[in-house]
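A lone chain, given as structure tokens: the form predicted alone.
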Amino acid sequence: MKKSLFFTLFLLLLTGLALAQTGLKKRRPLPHEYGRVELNNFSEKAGRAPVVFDHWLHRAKFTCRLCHVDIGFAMQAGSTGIAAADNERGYYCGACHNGRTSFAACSTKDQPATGTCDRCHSAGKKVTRHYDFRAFTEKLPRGRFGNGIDWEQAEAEGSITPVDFLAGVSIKREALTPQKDFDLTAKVAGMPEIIFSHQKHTVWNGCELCHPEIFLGVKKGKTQYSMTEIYEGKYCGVCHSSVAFPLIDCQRCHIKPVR
């Protein structure tokens, strides 16, 4: 009996290890879903539907640095802990959604949900969006994965002009001179080398978004990391796993042929 039980447990362990090693292929998000974040720290407790935040709409209007450095949103969904009272006081979403720059975000007053509430608190609801993804992105340059938009090209050609300064929140400062592009040797034999462009990243991120919290070292080769860590959402994977463009778009980074 004991041997039979032990053998059963052993088989279950092997099966679990096999599944952990091979994994299961997940459904890729549709273009309008890519980068979508659901926020529910306080919403359902307050009798509201969770907030649905679409990165595609906001990244077309604002730089990543403005939201994640100046305004102070954490890079991990739900970890900021935004409450209605914060928005009312002009923090986080309320920095823009104040009724002047854009529609007012939230109120701590006990009131019935309105159409304005549904613009954000829309999870599980049939809500008519004020911005339709297909109409909004129709004339933007195409990309292969993620949102299906080449956001870098869209910014370069002037199709979008992301705002990088918010009065009363940002401080005026002279931009630093972008460092030169450099190559990174791939750790897999035959894989094209990576060309990293500081100039491209500083347009969206500045310096502060990446250094020192994501990349401690500011000298090439100082921070050591692997593709496994990137797939786990660390280093480059903080953005290039769910928002910037997905990691399956290998040729966006690995572009220098090996000689």
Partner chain sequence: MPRPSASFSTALLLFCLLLRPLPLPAVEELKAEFDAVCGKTHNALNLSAAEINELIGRCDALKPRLEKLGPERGTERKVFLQRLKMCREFYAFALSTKEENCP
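These figures come from a predicted structure and were not determined experimentally. Positions refer to the first chain, counted from 1.
This next part talks about the form predicted in complex with the partner chain, which is not shown.
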The partner chain in the model of the complex: contacting segment from 117-125, 95-103, 172-180, 151-159, heavy atom within 4.5 Å: 172-180
Answer for residue 45 alone: is it within 4.5 Å of the partner chain in the model of the complex, judged on heavy atom distances? no
So in the model of the complex, does any heavy atom of residue 38 sit within 4.5 Å of the partner chain? no
Residue-level contact is defined here as any heavy atom of the residue lying within 4.5 Å of the partner chain in the model of the complex; does residue 206 satisfy this criterion? yes
Is residue 65 close to the partner chain in the model of the complex, meaning a heavy atom pair under 4.5 Å apart or at it? yes
The single option of 61, 200, 234, 211 touching the partner chain in the model of the complex, heavy atom within 4.5 Å: 211
Using a 4.5 Å heavy atom cut-off, which residue among 69, 52, 49, 194 comes into contact with the partner chain in the model of the complex? 69
